[in-house]
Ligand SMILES: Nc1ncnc2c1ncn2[C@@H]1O[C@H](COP(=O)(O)OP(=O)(O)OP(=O)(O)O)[C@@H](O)[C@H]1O
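As a starting point, one isolated chain is supplied in structure tokens, in the form predicted on its own.
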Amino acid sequence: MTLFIGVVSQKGGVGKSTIARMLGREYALAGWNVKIADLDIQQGTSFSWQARRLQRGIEPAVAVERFGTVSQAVKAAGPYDIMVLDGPPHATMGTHQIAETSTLVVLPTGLALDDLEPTVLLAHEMVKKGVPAERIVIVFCRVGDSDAELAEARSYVLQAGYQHLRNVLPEKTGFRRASDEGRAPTETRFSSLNERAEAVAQELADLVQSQTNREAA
């Protein structure tokens, strides 16, 4: 049975596709049969990323396919162990379908209130539509060097009633350069950045396993 991981956001530029690609790469590296479903039919950033990856012959191969709807992606998920649903950059009815389908719903966000407020509002909307809050996790991306700002963001999310990852993705040129080459955040030229990204990926994988065990119990 296919596991679905949803990666969604209320606005663009917060690291959604970065997280989706990272999960796809890490699960593929671990031997899972994984596909990223790129549901952003206008931009198709994950699909374009895969083309750059294929051009450079980077292993492991990460399957990416564009889909116009969530239902189309779900119908095509049969052969795969995991499908990462890379949602559009703005909340739509499809966003809520992703949340309803997924074992874990990942909401990437920056630290500014301009990012945090719509992220929490989207989480509230999902819960109102019946998605359990424990299936939602917020990930801080493009984090700067201010510990105080990060602490404030953590407090904001917790007070809103949601969990967040302990590990974060910092704002680094190395991550952007890796993406330009068709690489995931765990495949940069810098071991320190790879380790930071690997910690985020592992924490998400642990949450997926925990949620899967909870739903099976």
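Note that this is a predicted model, so its numbers are computed, not measured. Throughout, we count residues from 1 along the sequence that is shown.
A second form of this protein, the form predicted in complex with the named molecule, is not displayed here; the remarks below concern that form.
The candidate stretches are 25-33, 53-61, 144-152, 164-172, and the one lying within 4.5 Å of the named molecule in the predicted complex by heavy atoms is 164-172. Contact between residue 176 and the named molecule in the predicted complex is found at the 4.5 Å heavy atom cutoff. Contact between residue 187 and the named molecule in the predicted complex is not found at the 4.5 Å heavy atom cutoff.
Though the partner is left out of this view, residue 200 does not reach within 4.5 Å of the named molecule in the predicted complex, counting heavy atoms only.
Proximity of residue 89 to the named molecule in the predicted complex falls within the 4.5 Å heavy atom cutoff. Annotated contacts: 15, 40 and 43 all touch the named molecule in the predicted complex [non-hydrogen atom within 4.5 angstroms].
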